[in-house]
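This document starts with one chain, in the form predicted on its own, laid out as structure tokens.
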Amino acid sequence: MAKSASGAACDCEEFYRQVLDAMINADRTKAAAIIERALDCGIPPARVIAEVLDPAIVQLGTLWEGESMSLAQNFIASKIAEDALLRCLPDHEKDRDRKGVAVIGNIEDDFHSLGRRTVGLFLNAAGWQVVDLGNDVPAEQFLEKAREVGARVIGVSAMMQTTAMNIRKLRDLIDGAGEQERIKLAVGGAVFNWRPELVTEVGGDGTTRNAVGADELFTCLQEQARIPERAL
């Protein structure tokens, strides 16, 4: 096991447990220190995100779903997670807006915002202009906003299977308007990791297991959305 300059062990699993505890107990300073220790150990930022922060965020979602966290706890934990992510994400300010526009939000009746906000941070850092519609977004609003801002990818998040099925309405709206080749639908949330077949059931064009893969997924879908225009 690797060690830091101070001799402390560099164990992603242990860092995950510590940062999760700090998030649950609303200890912003401790969470920041843990992330700094992980980075000081020489663990690449992408690995810190994938093996320390991402599982902590997923676990927070599970606690929220199981009503083991209050709304206030979840909000504070979300802010701590955002702070921690920003410490790991590179600053691509100069590249911003070069990739395109992404509209994201939680589908109607879904209020678990942490995963969506994490995806937004990753996309923003990767150079996307992110339009975040927030929680409990009706299908009609997603499509209207995508048209308004010229987005070719809509990213919809849902935590539970019951709310994930509401994404089907957005799929039907896009198809009914004949815009399925112009606007692609990315879906995500813990339930899609547990039940990958749900992506097809709700009509998603693609998904990613975590926010780390969001840039690659959105870039791929945006390229697919351009194909009909090239053919003209």
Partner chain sequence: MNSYRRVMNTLGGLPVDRPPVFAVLGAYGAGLTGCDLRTLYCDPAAYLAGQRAVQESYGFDLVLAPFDFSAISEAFGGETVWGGLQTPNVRRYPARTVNEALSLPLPAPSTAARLPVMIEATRGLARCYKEEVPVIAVLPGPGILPALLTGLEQWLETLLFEPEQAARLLDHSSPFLVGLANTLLEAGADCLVFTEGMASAEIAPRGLFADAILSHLTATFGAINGPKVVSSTGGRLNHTLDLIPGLPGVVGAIIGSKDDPAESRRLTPAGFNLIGNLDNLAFASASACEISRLALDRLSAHAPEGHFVLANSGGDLPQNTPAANLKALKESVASYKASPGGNT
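In this text, rigid core is short for the largest set of C-alphas that superpose within 1.5 Å between two forms. Note that the structure is a prediction, hence the values are computed from the model and not measured. Numbering follows the first chain given and starts at 1.
FYI, the form predicted in complex with its partner chain isn't displayed, but the following is about it.
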Study note, to complete from the structure: In contact with its partner chain in the model of the complex (heavy atoms, 4.5 Å), from 150-158, 75-83, 137-145, 123-131, is stretch 75-83
Check your understanding: So, in the model of the complex, is Thr163 in contact with its partner chain at a 4.5 angstroms heavy atom limit?
Key -> yes
Point to revise | Exercise: Arg28 in contact with its partner chain in the model of the complex, heavy atom 4.5 Å | key: yes
Check your understanding: Taking the shortest heavy atom distance, is Leu114 within 4.5 Å of its partner chain in the model of the complex?
Key -> yes
Review point. At the 4.5 Å heavy atom threshold, is Thr200 in contact with its partner chain in the model of the complex?
Key: no
Study note, to complete from the structure: Heavy atom within 4.5 Å of its partner chain in the model of the complex, from candidates Val191, Cys41, Ile49, Ile174, belongs to Val191
Review point. If you line up the core, does Leu173 shift 2 angstroms or more at its C-alpha between this form and the one not shown?
Key: no
Exercise for review: Spell out whether the Cα of Asp27 moves at least 2 Å between this form and the one not shown when the two forms are superposed on their rigid core.
Suggested key: yes
Review point. When you overlay the rigid core, is the Cα of Glu82 off by 2 Å or more between this form and the one not shown?
Key: yes
Review point. With a C-alpha distance change of 3 Å or more, do Phe75 and Asp109 lie closer or farther in the model of the complex?
Key: farther
Point to revise | CA-CA separation of Ser78 and Asp110, closer or farther in the model of the complex than in the form shown [shift of 3 angstroms or more] | key: farther
